[in-house]
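A lone chain, given as structure tokens: the form predicted alone.
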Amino acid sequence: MHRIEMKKAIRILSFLLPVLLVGAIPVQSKVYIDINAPAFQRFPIAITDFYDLGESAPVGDMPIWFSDIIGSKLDMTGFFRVIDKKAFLENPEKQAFTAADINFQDWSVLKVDFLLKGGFIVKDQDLTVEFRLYDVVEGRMILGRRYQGKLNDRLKMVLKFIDEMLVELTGESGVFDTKIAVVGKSGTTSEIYLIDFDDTNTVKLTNFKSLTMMPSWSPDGDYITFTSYRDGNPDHYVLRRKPFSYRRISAFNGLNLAGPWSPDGKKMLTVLTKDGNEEIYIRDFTNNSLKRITNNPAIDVSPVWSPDGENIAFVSDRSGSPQIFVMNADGGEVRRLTYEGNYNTSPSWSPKGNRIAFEGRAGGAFQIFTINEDGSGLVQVTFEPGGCEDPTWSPNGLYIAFATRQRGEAKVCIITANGLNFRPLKGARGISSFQGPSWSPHMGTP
């Protein structure tokens, strides 16, 4: 029997609910989605409207809200193509929830790879939601979860499930719990803003009424380092998010350019001109001591750590034009990484450690490229007419954010690491441009 009546489904699910969805359903683990596959295409997924499993009080548009919000968030990931509900063959009044009762042939006809079903129970302000993800080809459930909380927690439940779903399907956590620090420019001033990955929330972090730029996150997400002209000179600051506070840690005459933290969070990179030339230093965050690691008459800027902390990529014109170089963390064994193009800058090391993104001039504009850490495998991943700058990797290594110009305005955009799923972030109104993005680490529950 492929379909069962709704009331019978409710009784069965009410009985099975405590047993099936307290934790993960034991299934054979495998990675279903590889975005690095040469012919990657979005995987078709069907998401049915959720059902009231407990004959709750009036629930309004909640059944549709769940399916629609899940669909919109999955579309943002760049991994899924959500099937239009109008194409569904299943009778919504006789929806089946268990693998034994689902007619997977109906979904196979639609060429669906994954099927997501769910239901909820509302009691006063308490909410229980269950999610079930099925592999249509194999005709089995591959992930089941149940979450309990308050009605206003429903979005958190959705994002939590999507995160677990992505772990199951890609082997990597999602990034709905992350933020992107950006430089928002308005008139002659710029400030640091935070934008959620799904572009649902923008928060102004600084209010110095000056030029503030170059944000970079600490590994735990508690601190952001940046450079600001707040006191008239480009000084180096560190900001604590909660509770909010900031302090100036470097104010030498000339440039005090903020750089990223070391992977252990104990040190940070900085570029100073206090000795007459742009050189790279390591600053100990615990005692504020400095160690100079470059000493070259050329300009050395834009340093970034490798994920293991053993190497540093940076930009130098010591070869005659700006190129990407790599050196040991103590400044030794400098080797050139990029040879194609006459202007390559802004390196960003993937959290996976295997690729470095950077901006390079191509066809009269800067575009985003990626390259292996040994200098092989160069790939151009953006082709925007307005150019693309300042790449930054997501903490799972699946996405790259960068700044680009669209219709005369600078916007921060996100793509998957293979260059697909171009998505601009709207940010806050009244800001003429967003640039200089820096992606946060995972921040915990979305």
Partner chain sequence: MIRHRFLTTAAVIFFAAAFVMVAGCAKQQALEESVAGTTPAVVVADDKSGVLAPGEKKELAVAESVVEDKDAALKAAALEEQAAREKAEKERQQQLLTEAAAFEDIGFDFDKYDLKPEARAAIQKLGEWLLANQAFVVTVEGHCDERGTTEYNLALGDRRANAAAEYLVALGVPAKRITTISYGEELPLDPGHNEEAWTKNRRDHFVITIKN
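Bear in mind that the values here come from a model prediction, so they are computed numbers and not experimental data. Positions refer to the first chain, counted from 1.
The form predicted in complex with its partner chain is left out here; the points below concern that form.
K.L.:
Does its partner chain, in the predicted bound form, lie within 4.5 angstroms of each residue among 322, 359 and 405, using heavy atoms as the measure?
P.N.:
The answer is yes: all three residues contact the partner (heavy atom, 4.5 Å cut-off).
K.L.:
The chain here is shown without its partner chain. Which stretch in 271-279, 112-120, 80-88, 158-166 comes within 4.5 angstroms of it in the predicted bound form, by heavy atom distance?
P.N.:
Correct option: 271-279.
K.L.:
Could you spot which one of 194, 334, 299, 76 gets a heavy atom to within 4.5 Å of its partner chain in the predicted bound form?
P.N.:
The residue from 194, 334, 299, 76 that makes the contact is 299.
K.L.:
Between the options 267, 185, 241, 154, which residue brings a heavy atom to within 4.5 Å of its partner chain in the predicted bound form?
P.N.:
Answer to the contact question: 185.
K.L.:
In the predicted bound form, does residue 234 have a heavy atom within 4.5 Å of its partner chain?
P.N.:
The answer is yes: residue 234 has a heavy atom within 4.5 Å of its partner chain.
K.L.:
With the cut-off set at 4.5 Å between non-hydrogen atoms, does residue 177 touch its partner chain in the predicted bound form?
P.N.:
Taking the distances in the predicted bound form, the answer for residue 177 is no, it never comes within 4.5 Å of its partner chain.
K.L.:
Test of understanding: in the predicted bound form, would residue 96 fall inside 4.5 Å of its partner chain by heavy atoms?
P.N.:
Looking in the predicted bound form, residue contacts with its partner chain do not include residue 96, since no heavy atom lies within 4.5 Å.
K.L.:
Under a 4.5 Å heavy atom criterion, is residue 317 part of the interface with its partner chain in the predicted bound form?
P.N.:
Output for residue 317 is yes: heavy atoms within 4.5 Å of its partner chain.
K.L.:
What residues, if any, in 327-361 have a non-hydrogen atom within 4.5 angstroms of its partner chain in the predicted bound form?
P.N.:
Result: 343, 345, 346, 359, 361.
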